[in-house]
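Heads up, the chain below is alone and in the form predicted on its own; it's given as structure tokens.
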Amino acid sequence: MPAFAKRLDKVTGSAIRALFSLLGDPKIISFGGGNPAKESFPVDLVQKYTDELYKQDGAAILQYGATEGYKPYIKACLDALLKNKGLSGTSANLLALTGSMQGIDLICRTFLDPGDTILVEAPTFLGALQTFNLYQTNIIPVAMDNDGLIMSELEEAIIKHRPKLLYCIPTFQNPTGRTLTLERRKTVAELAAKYDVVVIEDDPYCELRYSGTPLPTIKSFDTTGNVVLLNSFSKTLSPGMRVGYAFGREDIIRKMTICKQSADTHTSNITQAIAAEFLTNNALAPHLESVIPMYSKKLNAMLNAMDKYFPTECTYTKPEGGLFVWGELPYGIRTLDLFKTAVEEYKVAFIPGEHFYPSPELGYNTFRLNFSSESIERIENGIMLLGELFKEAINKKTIDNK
């Protein structure tokens, strides 16, 4: 058999999905996934809009569509979403996506050659790292603090490595839940213009805010067109719909459209049309208002339980929204080694943090928790059990070091 392509050498499939092959027991309390709560899906309204759309325009929806996107969807995104974010443009600035993950892939197709450099937050979204590895890039992590990317570290990395791209999730970041401050958002746009770096601003969690003040996008400070904004309806309506958009400079969007033609021809017409209905009927905001209190209660339940049960040596983020909490244990404790014990003996699952770094040694003592998929009762119980495991690991390390 011929050899597999060399671009697959660094790609092993999703570490998270591999870990979850161990989670067949329904008794296991899972903080590992990143799925929205199933009770958040607006099933009845989706069914209503679907029935109406097929009655009104069924033949057109079932036919091939334009690669650029379903026209009512493009218009609705421009008029109902982007204007609210202080952004303006035409249909030439927006491309319908099959989930924002496709946007990451299309930008890579558009800009990257093997050996090119891309900067990422440390840690960052695992799916993005897999994509960057497929394109045989040089991935350089940039340090974060509780306010997101550290600007001095970012500029130093740009000068040293001359990257083509910077990938960041500025709001309720995956995996940390951190949010980039207003001043740092301005600085990212300024650095992108100064050094001619394209910024992939991936912002799928921004609507899931439970406290604090919403912040403008990095794109809103973009004066040169170097920022491409990606978003999707996966966290607000349904991940199964696989619909999102890219908003950027006309020439970049055109190149991405050409690349999309050979990827999937076009995003599903029906899912674009359903999303458009939510926007044109002003139904998205009320839907979010109905689910945000549920998420807020779950997040607070998790953080309160962590305050109560986790060892004092463990630090963790306290996000104002999104789906994730990020934690760190003392140096010398590898969370990947604790995972199997957590699942088999404590019946609790989490994600070891090293999978979110280009190099595992950068995050071997970190972990990610998701709160959206479990009940409040199971959240508190699961955190109590994880606290016992983490205390045991710290005590063992202390004894071993004596």
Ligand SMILES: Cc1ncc(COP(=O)(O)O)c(C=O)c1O
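The numbering used is simple: start at 1 and walk along the sequence shown. For clarity, every value in this text was computed on a predicted model and none was experimentally measured.
A second form of this protein, the form predicted in complex with this ligand, is not displayed here; the remarks below concern that form.
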State the residue from Asn93, Thr187, Thr317, Ser234 whose non-hydrogen atoms include one within 4.5 Å of this ligand in the predicted bound form.
Ser234
With this ligand left out of view, choose which of Thr271, Asn174, Thr179, Thr137 has a non-hydrogen atom within 4.5 angstroms of it in the predicted bound form.
Asn174
Specify the contacting stretch among 289-297, 164-172, 189-197, 216-224, defined as having any heavy atom within 4.5 Å of this ligand in the predicted bound form.
164-172
Touches this ligand in the predicted bound form: Arg249 (any heavy atom, 4.5 Å):
no
Can you tell me whether Pro204 touches this ligand? I mean in the predicted bound form, with a 4.5 angstroms heavy atom cut-off.
yes
Using 4.5 Å between non-hydrogen atoms, is Gly99 touching this ligand in the predicted bound form?
yes
Would Arg242 count as a contact of this ligand in the predicted bound form, using a 4.5 angstroms cut-off between non-hydrogen atoms?
yes
